[in-house]
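Below, in structure tokens: the form predicted alone, a single chain.
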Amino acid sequence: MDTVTTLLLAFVISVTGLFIFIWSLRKNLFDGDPAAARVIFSEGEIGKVEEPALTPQQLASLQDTVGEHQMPEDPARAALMHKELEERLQADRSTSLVSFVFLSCAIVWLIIASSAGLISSIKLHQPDFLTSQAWLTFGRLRTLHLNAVAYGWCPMAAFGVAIWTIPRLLKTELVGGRFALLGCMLWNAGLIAGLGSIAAGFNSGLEWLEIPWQISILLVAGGALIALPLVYTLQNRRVKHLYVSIWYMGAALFWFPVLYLVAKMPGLHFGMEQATMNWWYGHNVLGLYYTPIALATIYYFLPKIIGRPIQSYNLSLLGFWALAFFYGQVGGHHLIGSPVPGWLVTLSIVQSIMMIVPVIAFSVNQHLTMRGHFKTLIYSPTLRFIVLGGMMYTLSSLQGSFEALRSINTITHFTHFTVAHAHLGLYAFFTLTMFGAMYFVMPRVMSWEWPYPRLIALHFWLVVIGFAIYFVGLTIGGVLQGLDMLDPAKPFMDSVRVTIPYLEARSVGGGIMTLGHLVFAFHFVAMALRYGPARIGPALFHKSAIAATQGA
């Protein structure tokens, strides 16, 4: 298949998708509030805000911003609502221990990964910093940071949120939670062993896949056990329609083991095929695992908090299928200039541009759902993190699509610009979304309020300001670095020197972000140790909160 044929096929697919999109508009498939979007709400619950991270007074202010909510007057509807809320309470209780274990592990790995990342950043402009031990050298420490994020913080947070959310979406209790706990133990044991091998100097030499395959078996076994309760719970569901968040989460939990097994199969990939596989995995683990989990989280928590179904359920499904069809070969644009077939790189660039379709579908849906409700960001910490995370998904995806173009890639490839872009996706999008979800989930898991509400705001502003400094610094420094490397009149060292001020900005931003993570970890531990006011059951059953809300 030559380049022309590839481009023509991609063009035909794109035009077909455009006509389907126009047809859906003419058929009024974008009408708000279809029945499928309501399945996450109980009887009479639409219009009622839900935010367990708030105090009763803050919850009343949030409800006042959205509008007055009327409880069902019909006794039959009121009884049905009470019954469904009782079932939700049982679902929350069934997941509390399992979710707490996963989220606790996520906090530990977040602090470890942040510390390793900050030290690695300092080494870029202070190379003699902490060089007494081999495992503290940049090459090993930066790899430790990447793997602690990719296989520690991110999956533990994702699994914890997914395990808590799925029984709620299926309106049933979690089945087989012990398998998930055993899987969590195996996963973390494998990760500890893998990081130890990397620190000792043993790794595969492939980015994102540095953990030796012998140790990766523990991750595979652990992941399989973690998935079992999700399958059993799905079989035990009490709903007829599977909400779009289930689609995203289910697909992510299926795609990840396929990606990891293919990538880690020993003796299967060699030479350029190995390099191609490396970036096939490296990009797909971001787009087909972390991205679907985060999008599923947003599609559940955003409408639940403001008490309003998503504006267009059909747009959410369009985004899902477009992501599934268009993302598979995006990673090839990392191989521009390498000895791989031209059609492979071209296909990757075309699919990168086609990813604009699911991104715009999600972005429009989020904006229309939040339209008239943006004032709620003042009161809801969960919403603040999640909405900003969704906006960063739009920015990171659009930036990635255009970065794949050869004209732009020529400048940004092999520069710090790529690092800034990677953090825009995995941190500003995924991590901020997980922060927001954890602020919602933990009061339900612990039956306890966040003890220090001001720390939530402090955490938000520290990570946002820190990341802004980090991202802007590396973006500017990366562009200048790329331009200097392309200038034949300048020696290579000029491209290094020009980045120093921006690398220092990176360390400053990273330090502020790490401080925000320490605040979050302290607050998490304080809740786990039962400091602050107690909460009995979900916020919907909190008498003072309900009274304050009804009085708003």
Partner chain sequence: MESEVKLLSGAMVTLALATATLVIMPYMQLDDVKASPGLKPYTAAELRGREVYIANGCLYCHSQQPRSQAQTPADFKRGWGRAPVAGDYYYDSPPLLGTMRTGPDLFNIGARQPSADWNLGHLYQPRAYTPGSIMPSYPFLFDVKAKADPGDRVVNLPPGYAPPGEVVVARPEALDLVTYLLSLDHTYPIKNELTQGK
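Positions refer to the first chain, counted from 1. Since the structure is predicted, the reported quantities are computational estimates derived from the model, not experimental observations.
Same protein, other form: the form predicted together with the partner chain, not shown, and the subject of what follows.
Trainee: Exactly one residue in Tyr379, Trp279, Tyr151, Phe471 has a non-hydrogen atom within 4.5 Å of the partner chain in the predicted complex; which is it?
Mentor: Result of the distance check: Trp279.
Trainee: Out of Ala158, Leu347, Leu432, Ala361, which one falls within 4.5 Å of the partner chain in the predicted complex, going by heavy atoms?
Mentor: Exactly one residue meets the criterion: Leu347.
Trainee: If you check in the predicted complex, is Phe325 within 4.5 Å of the partner chain, heavy atoms only?
Mentor: Although the partner chain is absent here, Phe325 would touch it in the predicted complex, with heavy atoms inside 4.5 Å.
Trainee: Residue-level question: is Thr415 within 4.5 Å of the partner chain in the predicted complex, judged on heavy atoms?
Mentor: Contact check for Thr415: yes, within 4.5 Å of the partner chain in the predicted complex.
Trainee: Can any non-hydrogen atom of Val508 be found within 4.5 angstroms of the partner chain in the predicted complex?
Mentor: Outside the cut-off, so no.
Trainee: In the predicted complex, is there a heavy atom of the partner chain that lies within 4.5 Å of any heavy atom of Leu455, even though the partner is absent here?
Mentor: The answer is no: Leu455 has no heavy atom within 4.5 Å of the partner chain.
Trainee: Looking at the partner chain in the predicted complex, is some heavy atom of each of Arg178, Val357 and Phe374 within 4.5 Å of it?
Mentor: No, none of Arg178, Val357 and Phe374 comes within 4.5 Å of the partner chain in the predicted complex.
Trainee: What stretch, of 514-522, 500-508, 54-62, 37-45, brings heavy atoms to within 4.5 Å of the partner chain in the predicted complex?
Mentor: Correct option: 500-508.
Trainee: Does any residue in 490-519 get within 4.5 Å of the partner chain in the predicted complex, counting heavy atoms only, and if so which ones?
Mentor: Lys490, Pro491, Phe492, Met493, Val496, Arg497, Ile500, Leu503, in sequence order.
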